[in-house]
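Form predicted alone, single chain, as structure tokens, below.
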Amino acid sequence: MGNVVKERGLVLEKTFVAVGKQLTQAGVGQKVLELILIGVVFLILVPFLGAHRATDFAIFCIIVLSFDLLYGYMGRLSFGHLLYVGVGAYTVGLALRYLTTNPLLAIVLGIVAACLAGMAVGAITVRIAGAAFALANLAFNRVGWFLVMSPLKDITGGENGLSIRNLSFWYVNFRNPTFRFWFVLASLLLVFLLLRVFTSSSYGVLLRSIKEDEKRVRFLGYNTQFYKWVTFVLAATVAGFGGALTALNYGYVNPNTLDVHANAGIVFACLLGGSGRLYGALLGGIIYMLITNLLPVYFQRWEFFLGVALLLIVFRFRGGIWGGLEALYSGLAARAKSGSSKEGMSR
């Protein structure tokens, strides 16, 4: 038992060392530029959507990023990802009602609760794969929804939900839409940076290898179960962070946060933007939210467009929108290179 703990400790140490190297290596300027561009995109959305709706978009992108880590990079499809969003949201609501008046402390508690839930559920579900993995997570999500609706309804408010009263503490004022927007935008940029560093490190390479051929990775001596568990916990923790921000953005938590049917929206956004690409997750999250928020105003059967888009992704654009843009750029670059080489040969 002691050797196992020591081995896993060394694995985590190597992972954090690799992440640290990514943070200190060259390319810091590029990462800063990427964060600035993402921030500019959301600032552009504010005049058209308003601060509250733009904040909602940013929170949804955080949740999609967490799911993309699980599905896009590790290759595990889950239909129960909203369980951790709900855990984070309800923990914040309950903490601000019964434990503290500090929203920042409540956010930390929500993240920790989602992390613990991910550790418990992940210890079971990472041992299976394919449809069994997806359905097992859906079952846990359903259990969480049932607990909120029935056995714990005296605490959670059941189907009536839970209102959050303490939204301000000193200079932290989540009642102010402008403050909420900037806080959530900063949170999104932080999450994107951390996931960018993780997925660009040797840890990310190992995740992609597990996705492609887990048996071969295991043959090389890696404890794939442990790496999958760590990734699952990380995805759950980030999703819980998104749930905590959701609760503070609306000042209210209800069982819809745990609705198993809403998992389809996260999956669709990830596929729409391009799974296995963090930029794809951001793009997919924004476009999905635009579709679901704007199309119903003009079209009664707006779900038809989602279905058509999904068919196009499945049969024509397997890499999503971002994957299609990458393929287009590669094709144009190849043509330009071949054209310049032919011109050089003619000379």
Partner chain sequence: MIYAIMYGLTVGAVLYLISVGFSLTFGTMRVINFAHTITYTLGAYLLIASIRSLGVPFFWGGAVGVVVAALAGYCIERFVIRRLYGESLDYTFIATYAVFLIGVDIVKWLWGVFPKPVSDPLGKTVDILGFVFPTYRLLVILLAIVVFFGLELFMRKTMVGKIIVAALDNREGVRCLGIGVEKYFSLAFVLGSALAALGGVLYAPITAVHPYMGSHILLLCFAVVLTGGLGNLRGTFLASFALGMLISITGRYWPAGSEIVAFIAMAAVLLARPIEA
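These numbers come from a predicted model, not from an experiment. Residue numbers count along the first chain shown, from 1.
We do not show the form predicted in complex with the partner chain, though everything after this point is about it.
Asks: Indicate whether the partner chain has at least one heavy atom within 4.5 Å of a heavy atom of residue 165 in the model of the complex.
Replies: Residue 165 lies outside the contact set for the partner chain.
Asks: According to a 4.5 angstroms non-hydrogen atom cut-off, is residue 255 in contact with the partner chain in the model of the complex?
Replies: Result no; residue 255 lies far from the partner chain in the model of the complex.
Asks: Determine whether any heavy atom of residue 311 comes within 4.5 Å of a heavy atom of the partner chain in the model of the complex, and answer yes or no.
Replies: Within the cut-off, so yes.
Asks: Does any part of residue 271 reach within 4.5 Å of the partner chain in the model of the complex? Heavy atoms only, please.
Replies: Yes, residue 271 is a contact residue.
Asks: Which listed residue (108, 233, 138, 195) meets the criterion of a heavy atom within 4.5 Å of the partner chain in the model of the complex?
Replies: If I apply the 4.5 Å criterion carefully, the residue I get is 138.
Asks: Looking at 189, 115, 267, 94 here, can you tell me which has any non-hydrogen atom within 4.5 angstroms of the partner chain in the model of the complex?
Replies: Of the candidates 189, 115, 267, 94, 267 is the one lying within 4.5 Å of the partner chain in the model of the complex.
Asks: Using a 4.5 Å heavy atom cut-off, which stretch among 171-179, 119-127, 84-92, 242-250 contacts the partner chain in the model of the complex?
Replies: Looking at the other structure, the answer is 119-127.
Asks: Please determine whether each residue of 57, 279 and 292 possesses a non-hydrogen atom within 4.5 angstroms of the partner chain in the model of the complex.
Replies: The answer is no: none of the three residues contacts the partner (heavy atom, 4.5 Å cut-off).
Asks: Any residue of 181-218 with a heavy atom within 4.5 Å of the partner chain in the model of the complex counts; write them all down in order.
Replies: Heavy-atom contacts within 4.5 Å come from 218 alone.
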